[in-house]
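Shown here is one chain on its own, the form predicted alone, set out as structure tokens.
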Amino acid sequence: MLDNPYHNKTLQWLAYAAVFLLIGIVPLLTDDDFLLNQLATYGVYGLLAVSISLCWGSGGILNLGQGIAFGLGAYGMAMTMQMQSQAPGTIPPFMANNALETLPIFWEPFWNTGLGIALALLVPTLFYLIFGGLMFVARVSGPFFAIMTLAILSALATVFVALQPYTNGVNGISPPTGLVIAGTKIDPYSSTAYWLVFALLLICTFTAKLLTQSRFGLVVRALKDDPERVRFLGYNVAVYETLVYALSGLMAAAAGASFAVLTQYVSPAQFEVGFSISAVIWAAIGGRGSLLWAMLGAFTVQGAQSYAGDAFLNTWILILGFSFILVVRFLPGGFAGLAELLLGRLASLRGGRREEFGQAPAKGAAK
């Protein structure tokens, strides 16, 4: 019997390269600005799914509140873009409409574009480090941790609505112009915006893949299966859990910042519980154990929603939920599990044929 090609690291990297090559040539095949913006948005959701796969699939940490980092990253980028359009000494119009006369102190750093982008990424990551550290040191895990993330997510949504003079409440922030970097304005409907999202998705996915195949990744996968045994071997489980949780938060923050660049809008809707749970469903349908398949799951679900959502309207959420139930019941590994099963059977058939014709097993075959 031959080894399952699904687990061949060389073939895995080739699959990653092939998928990203196909994604990368899209701007060369079309000049439809709306389509590029739509596909770039799918890329943002794909990056969010990758962050969940790293946290949940590799680390075994079910995070139902990944919208925390996504929303904070989106607000940080929107605040940066808003301040780029402000004349020195002025305040955003919505603040004046809410009787503010001076710019709040926590808005001041966003006058500087570089610092603003850094804060959009680092603030959510720092929050994940602190929150994750507190939870994991106390050995809060499983459904209890998932519930805590939902509670924090709901609390943030309430806070951002309540602080209307500073966040514009439910109306959100709508920067009047696109992001400007090094004197170049990024049009959300241009190939430049698409390449920006593509680069982030490529860097984060390949970095996460390398991480999962490193010694760090080996320990993380081990603690997912049996944290007590890993603890008895002398590893600080809380540190590993906190780091993988924070790294997933950094990726989610990058996805949120990219979302703000593409839509030029952010609101408390990014902190909605439904959005974060939907992201978990994308990863589960694609296959939480595979970064690539989790990303493809997001592409598939969001693509289906874009073209079928208008036809089914509010019924779409029921279809999505039913699809999740089917996957959990019949394909617990998602599409990745199905691919693994099919490739395993194909390898078995090839091995059986070789034995039938008296051929020696191929090099690397299981003995």
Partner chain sequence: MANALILGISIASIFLVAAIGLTIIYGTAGVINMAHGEFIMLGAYATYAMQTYFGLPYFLCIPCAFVIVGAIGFVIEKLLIQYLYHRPLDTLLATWGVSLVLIQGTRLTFGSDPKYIQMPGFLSSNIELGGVSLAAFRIFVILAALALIALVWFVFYKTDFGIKVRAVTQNREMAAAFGINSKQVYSFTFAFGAGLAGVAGALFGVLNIVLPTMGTGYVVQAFLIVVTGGGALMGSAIASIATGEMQSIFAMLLNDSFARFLIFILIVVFLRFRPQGLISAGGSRR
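In this text the structure is predicted, and so the values were computed from the model without any measurement. Residue numbers count along the first chain shown, from 1.
In what follows, reference is made to the form predicted together with its partner chain, a form of this protein that is not presented.
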| item | value |
| --- | --- |
| Joint contact, 138, 163 and 273 to its partner chain in the predicted complex, by non-hydrogen atom at 4.5 Å | yes |
| Heavy atom contact within 4.5 Å of its partner chain in the predicted complex, the stretch among 126-134, 167-175, 185-193, 85-93 | 126-134 |
| Its partner chain: the contacting residue among 97, 112, 102, 158 in the predicted complex [heavy atom, 4.5 Å] | 158 |
| Residue among 328, 29, 308, 342 with a heavy atom within 4.5 Å of its partner chain in the predicted complex | 328 |
| Contact flag, residue 56 vs its partner chain in the predicted complex, heavy atom cut 4.5 Å | yes |
| Any non-hydrogen atom of residue 200 within 4.5 angstroms of its partner chain in the predicted complex | no |
| is_contact(residue 322, its partner chain) in the predicted complex, heavy atom dist at most 4.5 Å | yes |
| Close approach of residue 144 to its partner chain in the predicted complex, 4.5 Å, heavy atom | yes |
| Residues in 177-215 with any heavy atom within 4.5 Å of its partner chain in the predicted complex | none |
